[in-house]
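Before any questions on how it binds or moves, here is one chain, the form predicted alone, in C-alpha cells.
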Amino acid sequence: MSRPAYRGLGDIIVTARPFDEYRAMFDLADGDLLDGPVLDCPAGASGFAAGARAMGCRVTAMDPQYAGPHDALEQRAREDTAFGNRYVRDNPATYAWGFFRDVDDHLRRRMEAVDAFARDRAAHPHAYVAGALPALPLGDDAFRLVVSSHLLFVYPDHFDYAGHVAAARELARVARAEARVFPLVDTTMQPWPHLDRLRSDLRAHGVESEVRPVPYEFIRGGDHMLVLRPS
C-alpha cells in the first residue's frame, strides 16, 4: 500500500486497541464507565465499546469510517494493524515494553481487538455512528464522558493549530463532565509544541483543561492525557 511521506508512522491509520489498553490509556475506573453514557471518538476498529458494553456501560463509538461498508473497514483495520506493527518492529527504541510484552504480543492483542470490534458492531450496529471531528452529529452535553485517542497531537502533519482547537472544543461541547484526549506526543516521541497555547485559547472559549498522568506508556513519553471540562 502506497503511503504519503509524512513523518513517523505516516498517514492516519485505522487503529484497533483492546479494552484493557483503553482503560490504562485513559485511567478509567469502573465508575467512569458505569456512570456513562460514554463516547469513543474517533473509535476506529477498537474493542473499547465491546468491552465497556460487556460490563454494563452505555457506550457509543463514532468514526467517519463507519459510513462505509463493514467488511471493507474490517479489512482495512487488519491491514493498518499489520502496518503499525511493522513500524513498531522497525523502530523499537520509540516504544516502552510494559503493557505489551513484545512485538508479537502487540500484534496479537491488536488483532483480537479487531475481532471484538467486528462482533460488537454486528450485534449492536446502532451503537456505531458515522461522524468526524470537528463537527459531530451530536447535541451539547450528549455524553457524560468522551474519550479520544491517537488523532489529535499524534498526526501534526495532518491537522493545523486551528484544527486542533476546533476538534478540542467539539469534544468538550458534547461532554457533560470530561473529555479525555490521549496521547500528547506524536509517533516520533515529540510532544505537540502548542499545548500551552491551546489550553489558553480553550479557556477563552469556556473550556478548562488539565494535563494528567496515566498508568500507561507505549510511545515513549506518551504517559499523559489532556482532560477537558466545560467551565
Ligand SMILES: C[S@@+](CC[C@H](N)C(=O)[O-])C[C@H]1O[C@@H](n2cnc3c(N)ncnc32)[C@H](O)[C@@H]1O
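The first residue of the sequence shown is number 1, and the count goes up from there. On a predicted model such as this, the values are computed, not experimentally measured, just so you know.
There is also a form predicted together with the ligand; it is not shown, and the following applies to it.
- Pro64 is the sole member of Pro64, Pro193, Gly56, Gly206 with a non-hydrogen atom within 4.5 Å of the ligand in the predicted bound form.
- For the residues Phe99, Tyr155, Tyr87, Tyr95, the 4.5 Å heavy atom test against the ligand in the predicted bound form is passed only by Tyr155.
- Figure note: of the listed segments 87 to 95, 100 to 108, 130 to 138, 114 to 122, the one touching the ligand in the predicted bound form, with heavy atoms no more than 4.5 Å away, is 130 to 138.
- Residue contact with the ligand in the predicted bound form: Ala142 places no heavy atom within 4.5 Å of it.
- In the predicted bound form, the ligand sits beyond 4.5 Å of every heavy atom of Val214.
- Contact annotation for Ala24: none of its heavy atoms lies within 4.5 Å of the ligand in the predicted bound form.
- In the predicted bound form, Phe83 stays away from the ligand, with no heavy atom inside 4.5 Å.
- Of the residues in 145 to 178, those that come within 4.5 Å of the ligand in the predicted bound form through at least one heavy atom are, in sequence order, Ser149, His150, Leu151, Tyr155, His158, Phe159.
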